[in-house]
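Below you'll find only one chain, the form predicted on its own, shown as structure tokens.
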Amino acid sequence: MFVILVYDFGERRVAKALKICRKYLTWIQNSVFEGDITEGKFKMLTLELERVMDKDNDSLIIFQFRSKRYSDRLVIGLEKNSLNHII
């Protein structure tokens, strides 16, 4: 599946969330990740984030798609993590 993940964690937990998300997805801009992920890895990702987050103060939003095939990506302005820079 393809996912877009957005989080808003408190200052004390944000670095941990960033580290966890980078293990599974591609960073595209502040607190936003995307990528293809298996069901098993998706469960591991959400479990790890739930362990770190404070559910009374933090938020996590995950958009799930069966594939990237039927979506278009529009970037307006600076693309912070352009895949075109990979050598």
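Heads up: residue numbers just count along the shown sequence, starting at 1. Keep in mind that what you see is a predicted model, and the values were worked out from it rather than measured.
Just so you know, the form predicted together with a further copy of the same chain exists too; it's not on screen, but the next bit is about it.
- In the predicted bound form, at least one heavy atom of R66 sits within 4.5 Å of a further copy of the same chain.
- Although the partner is absent from this view, M44 stays clear of a further copy of the same chain in the predicted bound form, with no non-hydrogen atom inside 4.5 angstroms.
- Although the partner is absent here, A15 is not a contact residue: none of its heavy atoms lies within 4.5 angstroms of a further copy of the same chain in the predicted bound form.
- a further copy of the same chain in the predicted bound form comes within 4.5 Å of a heavy atom belonging to D56.
- Residues are counted as partner-facing when one of their heavy atoms sits within 4.5 Å of a further copy of the same chain in the predicted bound form; in 16-39 these are I28, Q29, N30, V32, E34, in sequence order.
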